[in-house]
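Below you'll find only one chain, the form predicted on its own, shown as structure tokens.
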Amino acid sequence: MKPVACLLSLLFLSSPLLAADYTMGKGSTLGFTGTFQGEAFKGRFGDFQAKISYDPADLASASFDVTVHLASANTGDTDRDESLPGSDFFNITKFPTAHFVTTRFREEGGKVIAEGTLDLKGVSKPVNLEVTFAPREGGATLDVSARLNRLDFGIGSGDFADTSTIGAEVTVNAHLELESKT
């Protein structure tokens, strides 16, 4: 091997792998599940952006940066959907978006956990996402889920803080159809 080729090979082999960058494609969804008077209900956010950099073989270089436009929440129930933007819930006039950024990834019991910070309604709290990543030609699918306590973020104040009416736990799920950046 020529000296220049040998040096280039050594540099390439000794450099860390970089996570792959993806753009969010059609079919991506961000939803949530809660309870009202003991009955489960589902909702979704129709407007969100996600910057994803991920390689399951190089979790140290992975990152998620997600912005959710809270006015896009829809549960299919007119009364609930009219209440969510108000000050008792999301208060979109003052806090129009929620933002999640990862701080690190770890493996635990055969699962990948994305640790990060969620900023919602002026409150920043740590949140862990369970990650399932499936590469495919030209991209990947990424599924994440997390359980949150809505009261930790001031979602549902006043009469709506009563957990016998609206459950405190909310499950957030996302399914992202990812396209490789070229």
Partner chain sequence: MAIKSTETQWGGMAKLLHWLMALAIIGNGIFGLIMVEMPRGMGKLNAFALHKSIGLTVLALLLLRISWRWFDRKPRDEPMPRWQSLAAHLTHGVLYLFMLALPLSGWIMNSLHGYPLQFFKLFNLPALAEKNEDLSELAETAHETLFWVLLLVVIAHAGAALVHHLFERDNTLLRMLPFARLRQRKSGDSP
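Because the structure is predicted, anything quoted here is derived from the model rather than measured. Positions refer to the first chain, counted from 1.
This next part talks about the form predicted in complex with its partner chain, which is not shown.
In the model of the complex, Tyr22 touching its partner chain (heavy atom, 4.5 Å): Flag for Tyr22 set to no.
Gly38, heavy atom within 4.5 angstroms of its partner chain in the model of the complex: It does: once its partner chain is placed as it appears in the model of the complex, Gly38 has a heavy atom within 4.5 Å of it.
Non-hydrogen atom contact Glu107 with its partner chain in the model of the complex at 4.5 angstroms: Flag for Glu107 set to no.
Partner proximity in the model of the complex: Thr171 to its partner chain, non-hydrogen atom cutoff 4.5 Å: Judged by the heavy-atom cut-off of 4.5 Å, Thr171 is well away from its partner chain in the model of the complex.
Heavy atom within 4.5 Å of its partner chain in the model of the complex - the one residue of Thr103, Ser83, Ser72, Thr93 that qualifies: If I apply the 4.5 Å criterion carefully, the residue I get is Ser83.
Answer range among 54-62, 23-31, 117-125, 38-46 for contact with its partner chain, defined in the model of the complex as heavy atoms within 4.5 Å: Of the options, only 38-46 has residues within 4.5 Å of the partner.
Contacts with its partner chain in the model of the complex, stretch 66-80 (heavy atom within 4.5 Å): Residues within 4.5 Å: Gly76, Asp77, Asp79.
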